[in-house]
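One chain comes next, on its own, written out as structure tokens in the form predicted alone.
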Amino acid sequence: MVLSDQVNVIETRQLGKTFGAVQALKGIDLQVPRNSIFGFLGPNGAGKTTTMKILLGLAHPSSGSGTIFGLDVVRESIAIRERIGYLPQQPRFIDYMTARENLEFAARFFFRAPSASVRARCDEMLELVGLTEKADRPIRGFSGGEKQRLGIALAQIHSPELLILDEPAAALDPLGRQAVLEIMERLRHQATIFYSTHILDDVQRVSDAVAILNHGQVVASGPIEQILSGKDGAVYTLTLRNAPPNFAARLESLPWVTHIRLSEQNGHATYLVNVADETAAEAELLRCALADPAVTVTHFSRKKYELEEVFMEIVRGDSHDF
């Protein structure tokens, strides 16, 4: 496998696409780092499928540009396709053939090697996706999860540098989804994985970075930790019993505290403390509370956002400041 020297496998610059009077994409900027698992998210109609079609050379942009491995997605589409694997949302197979026969059939489009070498590669892919024991069974008897795993094996048969997966775990039960996620994790060091999905829990579990598309525009993009930090940055939760009346003012006087929200219930005061300096907060915030011997700290932690919470806030238009 020939690896690209590009830091970002995929880059788009103001990528646009119109269909008559409809502007499906409105200046998309993407940067997908090599050997990352990159989640491409958005509600239905946001433009995810249109973007993927342009990257795959199945549609031309109306404006802007895009590159994969530094190659132009329009002018050098054929060269790009030789180095990528693609799994559509609903993969198709030759149902009367076995899993091994499907793989061997696909492998012949890429390899001019002896049959033994092709068979060895197919065996490797069957083992990768956990289908070795079912290798010689017809596809028509496979479950949805087994078909998805075989689809990934077909997309990976030629050792591509980039895998583009369209809803790889859609309509699968929890066990099927877990199997697909584990395969993606195993492929992390072999290829860059760019995938779309609606299952936000899965994204949070395996992705290194994400981009969220809404109404044809990227409204959030970056490492998953950055996205999950929320629009307010780092926020710490501090719950006290016997909190002094001036404690909120004492916190506000700290130079690295930017905002405080206070709620009181059953004799406990809970402070949500936004900070500009996480290191200072972790070193000093708890000490500030414990400086008063009458105070009891019942809870202290950094607020953790769930991706679904962040996603819903973004697509509803509450904030684009991520």
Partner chain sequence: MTSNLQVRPMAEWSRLRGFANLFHKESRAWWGTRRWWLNAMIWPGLIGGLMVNILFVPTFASVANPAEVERAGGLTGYLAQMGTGVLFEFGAVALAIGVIVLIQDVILGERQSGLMEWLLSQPVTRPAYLLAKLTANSLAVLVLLVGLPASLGYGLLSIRLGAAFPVWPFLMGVGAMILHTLFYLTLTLALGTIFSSRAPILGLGLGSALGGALLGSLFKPLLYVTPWMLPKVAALLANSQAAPPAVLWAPLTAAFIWCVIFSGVALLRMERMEF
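We call the rigid core whatever largest set of C-alpha positions still superposes within 1.5 Å between the two forms. Positions refer to the first chain, counted from 1. Since the structure is predicted, the reported quantities are computational estimates derived from the model, not experimental observations.
Just so you know, the form predicted in complex with the partner chain exists too; it's not on screen, but the next bit is about it.
| query | Here the chain is shown alone; which of 117, 143, 242, 226 has a heavy atom within 4.5 Å of the partner chain in the predicted bound form? | reply | For this set of options, the contacting one is 117.
| query | Of these, 205, 215, 81, 198, which has a heavy atom no more than 4.5 Å from the partner chain in the predicted bound form? | reply | Going through each option in turn, the one that passes is 81.
| said: At 4.5 Å between heavy atoms, only one of the stretches 36-44, 271-279, 255-263, 54-62 reaches the partner chain in the predicted bound form; which one is it? | reply: Single hit among the candidates: 54-62.
| said: If we define contact as a non-hydrogen atom of the residue within 4.5 angstroms of the partner, is residue 76 a contact of the partner chain in the predicted bound form? | reply: Taking the distances in the predicted bound form, the answer for residue 76 is no, it never comes within 4.5 Å of the partner chain.
| request: Consider residue 106 of the chain shown here, and say whether it contacts the partner chain in the predicted bound form, taking contact as heavy atoms within 4.5 Å. | output: Answer yes; at least one heavy atom of residue 106 falls within 4.5 Å of the partner chain in the predicted bound form.
| query | in the predicted bound form, does residue 88 have a heavy atom within 4.5 Å of the partner chain? | reply | Although the partner chain is absent here, residue 88 would touch it in the predicted bound form, with heavy atoms inside 4.5 Å.
| Proximity of residue 178 to the partner chain in the predicted bound form, heavy atoms at 4.5 Å | Heavy-atom contact with the partner chain at 4.5 Å: absent for residue 178.
| Is the partner chain close enough to 210, 302 and 304 in the predicted bound form that each of the three has a heavy atom within 4.5 Å of it? | No.
| message | Under the 4.5 Å heavy atom criterion, name the residues of 176-204 that approach the partner chain in the predicted bound form, in sequence order. | response | Counting only heavy atoms within 4.5 Å of the partner chain in the predicted bound form, the single contacting residue of 176-204 is 190.
| field | Core-aligned C-alpha movement of residue 138 between this form and the one not shown, 2 Å or more | value | Indeed, residue 138 is displaced by 2 Å or more.
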